[in-house]
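First, one chain by itself: the form predicted on its own, in structure tokens.
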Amino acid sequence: MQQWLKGRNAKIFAGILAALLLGMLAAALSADATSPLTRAVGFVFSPLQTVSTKIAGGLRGFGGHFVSSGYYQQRIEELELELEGYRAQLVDFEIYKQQLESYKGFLEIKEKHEDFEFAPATVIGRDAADAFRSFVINRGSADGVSVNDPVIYESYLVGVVKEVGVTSSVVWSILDPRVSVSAYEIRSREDGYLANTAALSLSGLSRLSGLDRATTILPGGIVCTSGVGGIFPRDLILGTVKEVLDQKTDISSYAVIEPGVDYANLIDVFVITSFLGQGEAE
């Protein structure tokens, strides 16, 4: 018995008993009609009730937060869908922007050459194995496109149609050694012709050959089509002179030309289906 009285359980029992006595005393001194024992029990356990009430309120708040999290998740998903829509609109905007830039150059060409007839086209394919930048467009014989029709981007000549289907065509670029173009440099007015080499073409450059050894063409000069031959109209831009070198096999010189078009990113082009003087030399 003495051992139990010294133990922890005895101390807890004594604490509860003391609390009940204090509760009864406080209840007896109060004017409440409730029995002293009831008031004593309420006095002792009221802190526990307070704690349990707070816990229950916290759980209700947790439930409210849980519902709010679901709502926020739904809003996040809705905003992600909305953002995806804006991204799609931005892509469309960039496409329209590029088309407007292309059409601006087209209108300038049209104003200068009222005799030109055009077929707008889009690049729909490239041959990765072709080092000379040929490409496929979505226009063919059904759109009035024929073999040897020039293809332009803004004011630049980019190639010539070499294969025609009903709804598509293959275009050889002006970098292709098989393409020959009569040309001149606008400042010196000196004539020459594009005669590309595979080495230059692989570097994305072309060559204006047939120049005098004492040529006055300088780097930065602009080279355009001369219109000789009946395939290409006059004054389409071919590119800019990068350097002028002497030909080793004879007494002539040649200019290395840098095209003004990025073939890797070429999308919208125009096919010149008809122009004054087309085919006359043939």
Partner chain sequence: MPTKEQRFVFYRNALAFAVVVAAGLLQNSLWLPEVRGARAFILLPVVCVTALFFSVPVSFAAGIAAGAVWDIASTTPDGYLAVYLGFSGLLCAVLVRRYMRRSLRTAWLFCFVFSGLFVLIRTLVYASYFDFQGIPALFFQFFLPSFVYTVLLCPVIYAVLNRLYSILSDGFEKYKLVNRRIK
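Residue numbers count along the first chain shown, from 1. What you see is a predicted model; the values in this text were computed from it and never measured.
The next section is about a form of this same protein that is not shown, the form predicted in complex with its partner chain.
For the three residues N148, V160 and D191, a heavy atom within 4.5 Å of its partner chain turns up in the predicted bound form in no case. Contact with its partner chain in the predicted bound form, defined as a heavy atom within 4.5 Å, holds for exactly one of S141, Q73, Q89, T197, namely T197. The listed set E80, D127, D212, E117 contains one residue whose heavy atoms approach its partner chain in the predicted bound form to within 4.5 Å, identified as D127. Looking at R187, you'd find every heavy atom of it more than 4.5 angstroms from its partner chain in the predicted bound form. Remark: K112 does not count among the residues lining its partner chain in the predicted bound form, judged by a heavy atom distance of 4.5 Å or less.
Within this chain, L205 is remote from the site of its partner chain in the predicted bound form, having no heavy atom within 4.5 Å. Although the partner is absent here, F132 sits close enough that one of its heavy atoms falls within 4.5 Å of its partner chain in the predicted bound form.
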